[in-house]
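Take a look at this one chain, the form predicted on its own, written out in structure tokens.
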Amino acid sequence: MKVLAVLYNGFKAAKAEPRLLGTVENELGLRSFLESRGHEYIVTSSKDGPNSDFQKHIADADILITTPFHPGYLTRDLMNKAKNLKVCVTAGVGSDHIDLNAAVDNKLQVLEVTGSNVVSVAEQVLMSMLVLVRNFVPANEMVRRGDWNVADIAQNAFDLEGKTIGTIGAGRIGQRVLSRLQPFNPKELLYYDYNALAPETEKALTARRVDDVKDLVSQCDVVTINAPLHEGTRGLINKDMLKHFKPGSWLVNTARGAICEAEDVAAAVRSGQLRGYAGDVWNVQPAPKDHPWRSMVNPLGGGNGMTPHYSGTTLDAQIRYAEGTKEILENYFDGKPQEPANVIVGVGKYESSSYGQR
């Protein structure tokens, strides 16, 4: 079989650090495994446009491996041209770069390494909250340029304690975020999810469910998005929704960039409606140099906590999702059943409820 992997370039870092498994250079550690079984393995970072390696090789590939960090976008049109394609594997969590409805129609399986980076992302959420609430970035920039003015930083720095914090999405990551927030002694923890948590889980997390997103954001000092991208979440945080946020609240998004309308969020930060926005996910990846999230700041010159998409690709996470990808491939080659939690789309139907109510 022909296996095509679209990964990101690691350059010198990947040569110096072999645990950067999700790079083109280190190939998820799969080459010897695949070639020992007689399979062809193509690895590339070239993914955009009709002349890319991705579009060239997808035409006769049997298996596609991609990551959320440098995704090869598999559209319905490309899927229709990929006559041999049977399986798509996401090395990580989040398969929205694949047209899942088209995968159902084409009887194409979509699998991901569920749980491989949930801890990594949850930790990033906590870090991002603190970066915003404590006004860390302007403070760091100040000392690096040789200045020292405590008041300029402290005028926009707060404690996480005593704040109302809510998550949009309370799955594996959202629950871990809520759990990790408890020691900060927040005023209240809220969540919105179309699947209610079990009463004992709510009690353990000291979290209260809110039935409407607008109601949730209107109560929160800090909102974090921990939901997959699908028809029900794309563009959810837009100009209209932002009107319902508490003035001067903070928003953290490590889920998917397209859940937020980029220009609307940037405008809210610049006006001070949002005191800050942080995340590592962008609606286009890599993000163009003129993307509004690169340069937005609040009226006091802070509030920008953006980074490249790396929360789920720590060295620890890369080991987990590389091993999980190999296990998925072994199961497929040997005709063994997959772990149910890893199956997003089975043959001709959705198997996961994570991508919207159906």
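Sequential numbering from 1, following the sequence displayed. The shown structure was predicted, so the numbers you read here are calculated from the model rather than taken from an experiment.
As for the form predicted in complex with a small molecule, it is not shown, yet the points below apply to it.
- Considering the small molecule in the predicted bound form, the lone stretch of 224-232, 127-135, 241-249, 261-269 in range is 224-232 [heavy atom distance within 4.5 Å].
- Interface residue among 66, 298, 311, 26 relative to the small molecule in the predicted bound form, by the heavy atom within 4.5 Å criterion: 311.
- With the partner removed from view, the residue among 173, 278, 89, 165 that has a non-hydrogen atom within 4.5 Å of the small molecule in the predicted bound form turns out to be 173.
- By the criterion of a heavy atom within 4.5 Å, residue 256 is counted among the residues contacting the small molecule in the predicted bound form.
- The closest non-hydrogen atom of residue 8 lies beyond 4.5 Å of the small molecule in the predicted bound form.
- Within 4.5 Å of any heavy atom of the small molecule in the predicted bound form lies no heavy atom of residue 148.
- For residue 169, a non-hydrogen atom is located within 4.5 Å of the small molecule in the predicted bound form, even though that partner is not displayed.
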